[in-house]
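Shown next as structure tokens: one chain only, the form predicted alone.
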Amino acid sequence: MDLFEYQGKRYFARHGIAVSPGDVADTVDEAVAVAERVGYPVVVKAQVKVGGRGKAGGVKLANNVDEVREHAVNILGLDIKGHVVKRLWVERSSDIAKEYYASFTLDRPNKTHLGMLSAQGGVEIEVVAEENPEAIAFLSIDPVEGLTLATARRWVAEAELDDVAREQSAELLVKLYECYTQGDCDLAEINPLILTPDNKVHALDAKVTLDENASYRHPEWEEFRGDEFEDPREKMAKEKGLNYIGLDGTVGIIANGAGLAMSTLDVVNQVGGTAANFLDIGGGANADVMAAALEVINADPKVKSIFVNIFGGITRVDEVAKGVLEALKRVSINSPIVLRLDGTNALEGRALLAPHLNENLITEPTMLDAARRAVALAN
């Protein structure tokens, strides 16, 4: 579960990590009230789970009440990469002398925790890794041993953080590691971690992903779910037990297997289209699953065509075909469907579909052909 910035900062604060004073606002008047309470100047920030907020106009400095009101009006309702802003975080502006980067995540291949620290913060870590990889100090942490203050001190020295920031940063990193492990995070990232002109270190941003598998240990996480503005498509899919992620394109996608679903998104993009979703139905492509999948995709008004991409291994293609036909009896589909069916019992599956093919139910022999047809129909 990804947290909004304000949720991440509250999570950090519980573990003693210094963050900028601020509060959330759902209306312009609430934004003004927060600004008056924390003191000017303030920064008005869009709360969406996507990067690039600043470039999209979702982060603005305000020196007085009129500027807060102006920015709140402009940012609320703003569309940032398909995410509509419904909530703001208003915080006291911080003077910045230096920007650093710090994060912890799981190193699955090595079965350890991985820390990343850099004296170059404020930009995407992927950019730093590509342009100046030696600027990132990596730390492999044995989960049994954990992160000690002594190790953190060596780490900040290796990362070449400014001398005046090292002790505070080392102490903060130990707290961030505790937040990451005790808080059951998949990712705990601060970018930027700042040094102020008066030599204070604190987290200016927060990116936190919680491990849903640990939710039984954290009843308090319900407050995060309650604060979420859930995508109605994803909510419907979750209720139907589907592995679905909503995107912003026009080609609805159904595939069996996460790898095939991701490949399908890539191929649609390759031939000039845009995917409306990621939807993996796994091995259970029966009538009930297909009907549920088609119902979810059909509820998305942006979808102009549906690409069903099935490669049968354990899944039999003739059973998939029966599922599609049965699903079409249950769901009135608004968009044409293009099917690519291959693998176990593919010939039998195609034969079952053949009498039912028309301009709204089409089969293609290959994934590339099907992607091209689906994109052409969407356009």
Ligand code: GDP
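Residue numbers here begin at 1 and follow the sequence given. What you see is a predicted model; the values in this text were computed from it and never measured.
What comes next is about the form predicted in complex with the ligand, which is not displayed.
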Quiz prompt | Proximity to the ligand in the predicted complex (heavy atom, within 4.5 Å), stretch among 172-180, 267-275, 70-78, 187-195 | solution = 187-195
Exercise. Give a yes or no for A33: in the predicted complex, does one of its heavy atoms lie within 4.5 Å of a heavy atom belonging to the ligand?
Key: no
Quiz item: Any chance S93 has a heavy atom within 4.5 Å of the ligand in the predicted complex?
Solution: yes
Quiz item: Does any heavy atom of G313 come within 4.5 Å of a heavy atom of the ligand in the predicted complex?
Solution: no
Quiz item: According to a 4.5 angstroms non-hydrogen atom cut-off, is L204 in contact with the ligand in the predicted complex?
Solution: yes
Quiz item: Among D288, D280, E99, D211, which has at least one heavy atom within 4.5 Å of the ligand in the predicted complex?
Solution: E99
Practice problem: Sort through V59, L325, A346, I333 and report the residue having a heavy atom within 4.5 Å of the ligand in the predicted complex. | Solution: V59
Quiz item: What residues of 115-140, in sequence order, lie within 4.5 Å of the ligand in the predicted complex by heavy atom?
Solution: G122
